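Have a look below at one chain only, the form predicted on its own, in C-alpha cells format.
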Amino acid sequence: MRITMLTLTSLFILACVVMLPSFGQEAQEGSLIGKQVYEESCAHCHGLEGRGDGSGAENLLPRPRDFTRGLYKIRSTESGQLPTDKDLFDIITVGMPGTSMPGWETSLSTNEREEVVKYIKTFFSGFQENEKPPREVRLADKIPYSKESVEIGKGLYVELGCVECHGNLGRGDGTSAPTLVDAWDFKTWPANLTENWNFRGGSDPEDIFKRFIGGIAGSPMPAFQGDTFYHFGLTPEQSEQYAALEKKVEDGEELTTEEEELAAQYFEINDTAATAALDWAEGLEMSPETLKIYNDAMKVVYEKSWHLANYVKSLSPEKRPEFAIGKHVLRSQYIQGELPALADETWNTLEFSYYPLFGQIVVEPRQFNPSIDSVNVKSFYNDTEVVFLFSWDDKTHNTSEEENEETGKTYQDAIAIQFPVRPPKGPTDPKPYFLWGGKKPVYLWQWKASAPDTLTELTAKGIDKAEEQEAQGNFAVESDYTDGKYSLWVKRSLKTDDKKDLQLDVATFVPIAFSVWDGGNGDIDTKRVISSWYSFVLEPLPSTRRFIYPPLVALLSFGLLVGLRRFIQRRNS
C-alpha cells in the first residue's frame, strides 16, 4: 500500500511539473536542442554559462546580455517583471538594431528559436520560481498621434528631464550622456531618438510607450512609476493648485487655514498613491480600494506617457533614408551667381543624400562599436565653384582634449572625404581600394574639430599611408556643432592647377567615400567608421531646346493646316 501511495504521489508531482504554465521554466529535456543551438550560435558573445562573457564580448558595445541576472531590456512587461516567452522569441528573431545582436529569422528555424528561448531561461532561476505570469504593459486608452499630442509631449520631454540624457533635439547628446553606465558598470550611450530604425523593440508609439512604462532593465533608462511624475495621484488641476501652495511657502508667505487644510489633503493623496505604487511594484496583495487608488493615479501617468511617445515618434522620419545610389545619388544642383553660405535658407530646397557608415574592422586598430552611422550631403555648383554641406550626428564634441595612453595622440572628432585622383572613364573602370587606396592613390579632404575652419588635402596609397600635399588648395570652410550635430561647409573651384587634385566636370559621375572619427568613442587613426565607394555628379542644366521645340512644332503644324485649307479651297473653286 505504501509503495502504491508513493507511486501515486510521484505521478501527481510529475503531473504538476508538466502542467506548469508556459511562463515558467521548461523541463531540461525540452531544452537540449536549444542548448546545442545556443552553444553554436550564441555562446561566442553571451558565453557558455550565459554571463555575457563570450570570446567576442570584449570588443562589443553595448556588451552582450548577461542572462544570469534576469535583466532584459526589451520587454512587453512592467518594471521589475521578467519578459514573456514571446518577448525573448521576438528579440532572437529580429535582433537588436544598432548593436551586434543580429536577427536569426533566416538562420534558425522557428522551432530552434523556441528551443533557444527555453534554454536561455535556465540561466536565471527566477523563471522557475515565478508562479504567476509577468504583468504586461496595458495598451488600453491609447492617445492617437496628432500635432496636439506631440506638442504636449514636447513639454513633457523637458519637464521629465529627458533632455539631460537625450539632448535638446533627441540626438543623445545630453549633458549626462558621457557619464552613463549600465548595471554591469559598462559604458552605455542614450539612444539617438532621431533614428528610429535603430530603436530596439520597435519604433511605433506602442513600442515606445512600453519602454516608458516598463523601463529598460539594466540601463540608466528608468520606468515611469509613481515617483517619476510630480504630484503623483493628483489630477492636473489639483497638481496645479498644490504647486501654487508650495510656491507660496517657498516665497515665505503664510497659508490661510483653508490653504493649509487643502495642502495637507493633497499631500495625503500623493502619499497614499505613492504607497500604493510601491505595493504594486513589490507584488503585494492590494485591497480593492488601494488598487483603485493606484489605477486612478496611473491614468495620468499613462496619458502623459502616450503624449511623450508621440513626441519621440515625431523626431524621426517615417523610415530610414534610402542610400545614395540610383535615383537617390547626390546630384549637385546648378545655381547662378554666388553659392549659398552655411546658414543660407537656400539649402532647405534640397534633400540630403544619405551615406551609411560602418566600423573599420579590416586593419588594426579596428572599430567594432561605431557610434556614428551616416553622413548626409547636399551640394550646389555654379560656373566656377562647387560647394558641399556635410552633416553627421555626434553625441560629444571633442577637440583634442583627451590623449591616447598607448599612442600619445589626442582623440578628436574628424571627417575625411575621399575621391579618386582621377574620376573613372566609365562604370567598368576600376576604382582605387576603398580603404584609402593602394597602388591606385586617392585624393582626400580632411577636417578636424581642432581646426574648425581648415581643410587639409592629402594623397593616400593605403589606410596608414597618407601624406599632406605640398601645395594646399584654396578652400573656403565653415563648421558648426549644435545639439549633437556637425555641419561642415566646403567650397572649392571646379578646376585647379594642381595635378594631384580632383578636377570636376559637369555630367561626370565621381566616386566618393567617407571616414569619420568620434573622439568621444575612442576613435583614432584606423579606428573609425568608414563607407564604401558611392558617387555624386554635377547635374547638367536641362537643355533649353525643350522649351523651343514644342512651340516650333505647334507653329509648323498650324502652318500646314492653313496651307492645306487654302489648297482645298482653290481646288473646290
Ligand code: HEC
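Since we're looking at a predicted model, the values are computed, not measured. Throughout, we count residues from 1 along the sequence that is shown.
FYI, the form predicted together with the ligand isn't displayed, but the following is about it.
Look at the stretches 513-521, 529-537, 500-508, 57-65 and give the one with heavy atoms within 4.5 Å of the ligand in the predicted bound form. Contact criterion met by 57-65 only.
Which residue among A414, A297, L435, C162 has a heavy atom within 4.5 angstroms of the ligand in the predicted bound form? By the 4.5 Å criterion, the partner-contacting residue is C162.
Identify, from the list Q241, N130, T396, T99, the residue with a heavy atom within 4.5 Å of the ligand in the predicted bound form. Partner contact (heavy atom, 4.5 Å) among the options: T99.
Examine L308 and determine whether its closest non-hydrogen atom to the ligand in the predicted bound form is within 4.5 angstroms. Yes, L308 sits close enough to the ligand in the predicted bound form that at least one of its heavy atoms falls within 4.5 Å.
Check M286 for me: does it contact the ligand in the predicted bound form (non-hydrogen atoms, 4.5 angstroms)? Answer no; every heavy atom of M286 is more than 4.5 Å from the ligand in the predicted bound form.
In the predicted bound form, does P452 have a heavy atom within 4.5 Å of the ligand? Contact with the ligand, no.
Given that the ligand is not shown alongside this chain, does P190 nevertheless sit within 4.5 Å of it in the predicted bound form, heavy atom to heavy atom? Yes - in the predicted bound form, heavy atoms of P190 and the ligand come within 4.5 Å of each other.
What residues of 74-98, in sequence order, lie within 4.5 Å of the ligand in the predicted bound form by heavy atom? Sequence-ordered list: I74, L88, I91, I92, M96.
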